[in-house]
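Only one chain is given next, in structure tokens, and it is the form predicted on its own.
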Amino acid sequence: MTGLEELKTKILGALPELDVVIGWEQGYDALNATPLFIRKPEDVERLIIGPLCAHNLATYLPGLKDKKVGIVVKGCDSRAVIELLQEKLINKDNITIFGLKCDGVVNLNKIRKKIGDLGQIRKVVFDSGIITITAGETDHQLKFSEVRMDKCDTCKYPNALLFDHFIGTPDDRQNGIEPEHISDAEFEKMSLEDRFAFWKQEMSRCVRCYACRNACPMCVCRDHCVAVTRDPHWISQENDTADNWMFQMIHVMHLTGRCVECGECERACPMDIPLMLLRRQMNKGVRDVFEYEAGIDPQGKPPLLTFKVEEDNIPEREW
């Protein structure tokens, strides 16, 4: 039995007790996947898994917290589920988790940069580390390692960390790689002036569409978001660099100790702004100061949701 067939069998067995199961199905062409909401047995046949299934489906859970929900998760997705449970934004009694191992997911922007606008995609095949994309009558072959998401290159958690059913055999790569990115090291070598100039340039391209916020599984304020509230009125709706930077800094600070680095913000951004650079810098500070990594321990507490009279790595009495 393949992983997909095993997953379908597990979902069919659990579906009578659930209101919906969230997975992925084929999108508008062979290169795109889209979330699938399974409510009846025949919906299961549309289910797919694999490198095209990039969406972090945990984003939907807070909006379905009063329903009995099944969800299919990769490693980074499961970290978001754990973080939502820690903050009591969802109830585990209402959730059935189908865990997968993940070998990485594609970055469509990288594919476009390598082979341009392909038009209608007829077929996509993954085989032995090669992705073959058939557009029209032409086959384009690319190394999967060159077109997958950056987060996948240093992923420490390819297996779902929390699950009720695990599909297939776990990947023994778990916990084997340190989260170090070349772009981070290069950025840290820059002067403060050059860093600020870099971000001013990036923020000048932001169109404030809020796709990064809407795709983030930990952004749960939605209708009460500081970006759109009018009482008080914190940020204008003008699309200028200062307000764009203000929004992004508030966004990243609200994710302090909560961001699981699933990369959905960056994937959703239509302007290809390197938003994960901000989040990784913030997460590095959280690891250094609080020795904490988000979404690993269901019983843990994010550092900014707890209090210690004296933090181990903040020598206040020495100041």
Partner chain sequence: MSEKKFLKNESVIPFIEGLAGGRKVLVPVCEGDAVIYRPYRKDCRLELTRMPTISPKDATFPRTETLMTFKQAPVAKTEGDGEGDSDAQPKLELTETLPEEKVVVFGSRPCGARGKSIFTRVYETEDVKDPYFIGRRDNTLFVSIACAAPETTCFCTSVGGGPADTTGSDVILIPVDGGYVAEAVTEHGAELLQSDLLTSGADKAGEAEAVIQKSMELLGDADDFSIAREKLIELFDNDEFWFDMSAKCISCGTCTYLCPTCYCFNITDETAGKSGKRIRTWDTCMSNMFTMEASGHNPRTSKANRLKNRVGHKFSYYPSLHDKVIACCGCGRCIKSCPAAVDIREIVKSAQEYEDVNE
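Being a predicted model, the structure only gives us computed values, none of them experimental. Note that the rigid core is defined as the largest set of C-alphas that superpose within 1.5 Å between two forms. Numbering follows the first chain given and starts at 1.
The next section is about a form of this same protein that is not shown, the form predicted together with its partner chain.
Participant: Can you work out whether S236 and its partner chain are in contact in the predicted bound form, taking contact to mean some heavy atom pair no more than 4.5 Å apart?
Facilitator: Output for S236 is yes: heavy atoms within 4.5 Å of its partner chain.
Participant: Using a 4.5 angstroms cut-off on non-hydrogen atoms, would I48 count as touching its partner chain in the predicted bound form?
Facilitator: No, no contact at 4.5 Å.
Participant: In the predicted bound form, is there a heavy atom of its partner chain that lies within 4.5 Å of any heavy atom of A268, even though the partner is absent here?
Facilitator: So A268 counts as contacting its partner chain.
Participant: Taking 4.5 angstroms as the cut-off for heavy atoms, does F163 touch its partner chain in the predicted bound form?
Facilitator: Although its partner chain is absent here, F163 would stay clear of it in the predicted bound form, with no heavy atoms inside 4.5 Å.
Participant: Considering its partner chain in the predicted bound form, which of T132, S145, Q201, T138 comes within 4.5 Å of it through any heavy atom?
Facilitator: In short, Q201.
Participant: I need the one stretch from 71-79, 155-163, 202-210, 124-132 whose residues put non-hydrogen atoms within 4.5 angstroms of its partner chain in the predicted bound form.
Facilitator: Comparing against its partner chain in the predicted bound form, the contact stretch is 202-210.
Participant: Suppose contact means any heavy atom within 4.5 Å; which members of 39-56 contact its partner chain in the predicted bound form?
Facilitator: Counting only heavy atoms within 4.5 Å of its partner chain in the predicted bound form, the contacting residues of 39-56 are R39, H55.
Participant: Align both forms on the core first, then report whether K88 has a C-alpha shift of 2 Å or more between this form and the one not shown.
Facilitator: Comparing the forms between this form and the one not shown, which are aligned on their rigid core, K88 does not shift its C-alpha by 2 Å or more.
Participant: So with the core overlaid, does the Cα of G129 end up 2 Å or more away between this form and the one not shown?
Facilitator: No, the C-alpha position differs by under 2 Å between this form and the one not shown.
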